[in-house]
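Form predicted on its own, single chain, as structure tokens, below.
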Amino acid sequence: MVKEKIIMDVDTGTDDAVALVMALLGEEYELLGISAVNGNVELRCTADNSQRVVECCGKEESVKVYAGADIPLVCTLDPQSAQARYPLPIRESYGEVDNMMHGFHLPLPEAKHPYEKRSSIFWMAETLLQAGEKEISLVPTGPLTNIALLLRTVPEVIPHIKRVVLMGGGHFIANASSAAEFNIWADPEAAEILLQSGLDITFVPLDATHQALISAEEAEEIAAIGTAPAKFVSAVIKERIARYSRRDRDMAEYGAAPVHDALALCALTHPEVLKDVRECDCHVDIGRGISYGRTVFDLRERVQPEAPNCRVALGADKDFFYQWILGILKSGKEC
């Protein structure tokens, strides 16, 4: 099997953690390293959480975690912006913020080894420049600050990037505001930098992830596998179901929750998991108005004035996604 060489760029809370377990244990991936970014919680926590997942999967000797950007590029500079007032980043010293989807620390033992102190932007640049042309794929599942800094500071890496499959954005569905999805809302300018890079980009937005829900019954089936990673994945899915049920009427009725970031990783090697995929021109609203951070996918059925710069999936195959998770966890070794 030819493995897909990947770099994961994550803001590890619960759904990033599931994606990391899949990347660490899936035989189809060669995970070159993990780049952490501020997002769900502060950078110190996202990097530490990533290291905990690596150690849970027994991969600490082969996969390193690097910490990247602690704050967004621009959006928090204005003290009146929603991102500055939220606050963003959510620091542990503030205490838990109302309606937080992710706790500061994953329900895993404290890491025995520290994450790397070298900046993930420098590490990604070096790794990509040493690779062949279009050899490494990027899977960003948090705000795109690290990716934007990489592209702007070392544009020579672009020919070495095979493709980018990211979790972010929304067409019909939003969550951080009435118009925007969290990962893009948290650093809109960074997302726009990526969209202007000319890279091969696939968006896995909320429209797709909300069609690939994992139920409480399926979480129990995952736990029954019996390995440490399976028990952990089951636990965080149950936590997500509980949190979604408190804040979203539909999720309470379904008794299920999306595991957004894992779907993006699945789509990298199994594009058939995505449904209703459209090529389109997309830009992010960076105008500081009510739609700040919205991904504007031009899906009008006419001759487009601009050439497509990405693909966006508006649906997903829930059964395929769940069987992919189950298959990787069943094939994984006990940690």
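In case it trips you up, residue 1 is the first one in the sequence shown, and so on. From a predicted model like this one, the values you see are computed outputs, not experimental measurements.
Below: the form predicted in complex with a small molecule, not depicted.
- None of the heavy atoms of S81 is located within 4.5 Å of the small molecule in the predicted complex.
- Heavy atoms of L206 reach within 4.5 Å of the small molecule in the predicted complex, making it an interface residue.
- With a 4.5 Å cutoff on heavy atoms, S197 does not count as touching the small molecule in the predicted complex; it lies far away.
- Though the partner is left out of this view, N40 does reach within 4.5 Å of the small molecule in the predicted complex, counting heavy atoms only.
- In summary, the region of this chain contacting the small molecule in the predicted complex, judged by heavy atoms within 4.5 Å and restricted to 174-182, 122-130, 223-231, 107-115, corresponds to 174-182.
- None of L144, A257, L150, M167 but one reaches within 4.5 angstroms of the small molecule in the predicted complex through a heavy atom, and that residue is M167.
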